[in-house]
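In the form predicted alone, a lone chain appears below as structure tokens.
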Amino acid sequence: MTNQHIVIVGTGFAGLGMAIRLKQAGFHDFTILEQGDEVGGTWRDNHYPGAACDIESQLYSFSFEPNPAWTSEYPPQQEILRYLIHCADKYGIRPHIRFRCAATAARYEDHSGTWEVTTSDGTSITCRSLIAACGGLSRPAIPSLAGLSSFAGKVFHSARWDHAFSLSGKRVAVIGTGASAIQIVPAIAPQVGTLHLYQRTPPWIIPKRNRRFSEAQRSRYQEHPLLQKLARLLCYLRHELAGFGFVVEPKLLALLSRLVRHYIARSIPDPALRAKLTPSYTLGCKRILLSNDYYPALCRPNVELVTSAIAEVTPTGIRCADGTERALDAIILATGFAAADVVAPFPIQGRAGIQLHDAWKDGAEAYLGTTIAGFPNLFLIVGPNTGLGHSSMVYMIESQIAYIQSALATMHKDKLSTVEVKSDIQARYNQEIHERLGRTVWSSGCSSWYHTQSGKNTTLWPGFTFEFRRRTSQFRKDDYQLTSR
């Protein structure tokens, strides 16, 4: 058994950002557990054809580590992964990482005020503070489809893409029409024999202004970092302005929805197909997607949009509720992630034996998306209600990192053994959050991955990102139960 002051789980933007800021603040006694064999989190795992970011590169990077080498407005997966690898190397994080070592469970020891974290390699680590930086997009959501296990062809999730399997000339089904599907379909449609896209609800899609950065522009950013900071600021302000329609006055999105309907009409000549692809719910209620090539891909002669519900998967294909069965060689599950139900993908036991899944049986809750009553010295990054519908998650991640840094610095300065958010503080905070969520576009009646099965929105932040930054700028001891060493 080893004893480390801090354990971080995950090496995506959240885990790496936390580790870098800890080192810069003088905290060097920490270990990072990573289940994969490289850093990168979501951007390591999601390497499907066409994978790219839908937030501009200027904003989808650490504020303290601008990247003048981005080649385009919306960088592809490989560039983002290279950026994260660069950050790990530049800031000396690799010596702290235990690769191919997943956290399998964590238990708080009341008598010692420490956490014991067990790992997939059979060892355990005792730490004073545990930081779960696993992210909300770490566990693929596998749909419960009758007969799926009986299918004789190839089946894989978009986040577990099998590049060894050739799709060339194959009969392929893509299940789902979310953010990954609208990137996958245009990328694979030209090479497959036939592509059947199974849609339950059409997404709202707007054009993607993905301009490439010239060599001269990249050189200017390299030579004059303030220019890139200005570009980042302008990008940030533009996204915050768009937030008015999401969190203040959803009616403002009505104008955009009319423009998007014109975009659909221009892109889809066939009126029957256009009707299937036109959403009936309020724009913004589900995640708004960006693409220039999704609609053209659906107009290809080898692509079919299927809107009849899936009745069952057979050994040779998929049979729908209308009785039609389509023969298939491969099924790709573009069904997203289990983001709304839990944050940490391993069992966590807090004070007095309370299990996190029991504490969250009515939906995940935390204070500022970061700390949980009953779980001393446990900190979450990208915890409940920190997700966004209008801006960059990296901004939210950096806000939480600063808050956790402030908490750890307070513990060190005041010689505190534990900090635990007060249950009444957490309850009041969550009551406020959900009252505000009820007035946003995300409560306008659609069903989305933002909500649990019971309908509780445990995913999204109901305001502007600068408000979250302000509220997490300083650790407030009055909100916590404190134990001295």
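Start at 1 and count along the sequence shown; that's the residue number. Keep in mind that what you see is a predicted model, and the values were worked out from it rather than measured.
There is also a form predicted together with a small molecule; it is not shown, and the following applies to it.
Engineer: Every residue in Trp43, Leu145 and Thr335 with a non-hydrogen atom within 4.5 Å of the small molecule in the predicted bound form?
Structural biologist: Contact check passed for all of Trp43, Leu145 and Thr335.
Engineer: Within a 4.5 Å heavy atom cut-off, is Gly178 in contact with the small molecule in the predicted bound form?
Structural biologist: Heavy-atom contact with the small molecule at 4.5 Å: present for Gly178.
Engineer: Taking any heavy atom pair closer than or equal to 4.5 Å as contact, tell me whether Ser129 reaches the small molecule in the predicted bound form.
Structural biologist: It does not: once the small molecule is placed as it appears in the predicted bound form, Ser129 has no heavy atom within 4.5 Å of it.
Engineer: Indicate whether the small molecule has at least one heavy atom within 4.5 Å of a heavy atom of Gln183 in the predicted bound form.
Structural biologist: Yes - in the predicted bound form, heavy atoms of Gln183 and the small molecule come within 4.5 Å of each other.
Engineer: Looking in the predicted bound form, any heavy atom of Tyr48 within 4.5 Å of the small molecule?
Structural biologist: Yes, Tyr48 lies within 4.5 Å of the small molecule in the predicted bound form.
Engineer: Just to confirm, with a 4.5 Å cut-off on non-hydrogen atoms, which of Arg218, Arg139, Lys154, Arg287 contacts the small molecule in the predicted bound form?
Structural biologist: Exactly one residue meets the criterion: Arg287.
Engineer: In the predicted bound form, which of the listed residues (Phe27, Tyr429, Phe62, Trp449) lies with a heavy atom within 4.5 Å of the small molecule?
Structural biologist: That would be Trp449.
Engineer: Name the stretch, out of 271 to 279, 169 to 177, 105 to 113, 257 to 265, where some heavy atom lies within 4.5 Å of the small molecule in the predicted bound form.
Structural biologist: In the other structure, the partner sits against 169 to 177.
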